[in-house]
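Just one chain follows, in the form predicted on its own, and it is written as structure tokens.
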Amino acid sequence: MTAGATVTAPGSGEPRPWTPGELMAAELSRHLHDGEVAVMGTAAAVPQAACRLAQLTHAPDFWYVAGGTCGVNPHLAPLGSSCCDVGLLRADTALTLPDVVMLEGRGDVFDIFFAGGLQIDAYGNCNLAAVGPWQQPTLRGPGGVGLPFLARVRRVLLYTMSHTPRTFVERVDFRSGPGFLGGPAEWAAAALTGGGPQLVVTPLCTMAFDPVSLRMGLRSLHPGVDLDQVRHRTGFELWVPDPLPVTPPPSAEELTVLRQLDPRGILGGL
């Protein structure tokens, strides 16, 4: 995707000067703040871009660790498609993977954990282990690695490029990373120290969690997307605010920075 190029927004015949990947990066970036420290996993082009965008715009004192290489504050020139890209070692410094996992488990270092999964359920639990019966799964995933520590950080920001009923399910088949577990009673009984999932950003919408029921619902629809489209592609009932906002599209400044970071157009292909 080159500067000035247009794409068709999901569910719309109208051309847009941004792609779903660029919109997702901009949307996540707006929820990052000075003084926070974030960590992410391997298939993470969108949160990589979101973190660097925040540093170069509204949050210069924000810090992040790119999971696979463990680069601290990668300079992202250009953006890599994976957090295992060796280019991410062009960074302020780097840690070892065992050290990053240890820091995730401490609970007092990382404020934000970017996560996703093969499945994400109505309470924000993530599954990266296996889909189907545990003894004979229909699909095996890469495993959880640091995801069990989601419950140790202040905020979990979920993201996925796949908004389908196979991804968004009522209950995950295996909890690789805890969200709000089975709901309010189980969450309260667990007495976990983290704040739980806060947002879910997809190519169609931004979702959030009801403070009482702890279930996922809509926060905003992305431009050009309608409510029925999201409902059809979600495997559980969503609560819907009234009125239902539209996600602000990337600003001219956000698009300029993102395309300087991403001259190869990785976000444009998402």
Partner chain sequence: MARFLTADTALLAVGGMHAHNNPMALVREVVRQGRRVRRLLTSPCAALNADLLLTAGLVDEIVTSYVGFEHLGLAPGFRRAVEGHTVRLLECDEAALTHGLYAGAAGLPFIPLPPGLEVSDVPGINPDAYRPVRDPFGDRTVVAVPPLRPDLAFVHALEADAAGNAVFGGAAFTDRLMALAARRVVVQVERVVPGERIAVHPAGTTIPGFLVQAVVEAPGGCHPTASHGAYAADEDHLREYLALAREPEGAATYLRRYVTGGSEDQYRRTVAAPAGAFGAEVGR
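Positions refer to the first chain, counted from 1. All of these numbers come straight from a predicted model, not from anything done at the bench.
Beyond what is shown, the protein has a form predicted in complex with its partner chain; the following relates to that form.
Participant: Which residue, 83, 122, 76, 156, has a heavy atom that falls within 4.5 Å of its partner chain in the predicted complex?
Facilitator: Exactly one listed residue reaches within 4.5 Å, namely 83.
Participant: Tell me, which of 110, 114, 168, 180 has a heavy atom within 4.5 angstroms of its partner chain in the predicted complex?
Facilitator: Among 110, 114, 168, 180, a heavy atom within 4.5 Å of its partner chain in the predicted complex occurs only for 110.
Participant: Using a 4.5 Å heavy atom cut-off, indicate which stretch of 23-31, 227-235, 205-213, 58-66 touches its partner chain in the predicted complex.
Facilitator: Stretch with heavy atoms near the partner: 58-66.
Participant: Does its partner chain come within 4.5 Å of a heavy atom in each of 18, 164 and 223 in the predicted complex?
Facilitator: The answer is no; none of 18, 164 and 223 reaches its partner chain.
Participant: Find out whether any non-hydrogen atom of residue 91 is located within 4.5 angstroms of its partner chain in the predicted complex, and reply yes or no.
Facilitator: So residue 91 counts as contacting its partner chain.
Participant: Quick check on residue 188: any heavy atom within 4.5 Å of its partner chain in the predicted complex?
Facilitator: No, residue 188 is distant from the partner.
Participant: With the partner left out here, check for me: in the predicted complex, does some heavy atom of residue 141 sit within 4.5 Å of its partner chain?
Facilitator: Answer yes; at least one heavy atom of residue 141 falls within 4.5 Å of its partner chain in the predicted complex.
Participant: So in the predicted complex, does any heavy atom of residue 151 sit within 4.5 Å of its partner chain?
Facilitator: The answer is yes: residue 151 has a heavy atom within 4.5 Å of its partner chain.
Participant: Only counting heavy atoms and a 4.5 Å limit, does any residue of 101-135 reach its partner chain in the predicted complex, and if so which ones?
Facilitator: 101, 102, 103, 104, 105, 106, 108, 109, 110, 129, 134, 135, in sequence order.
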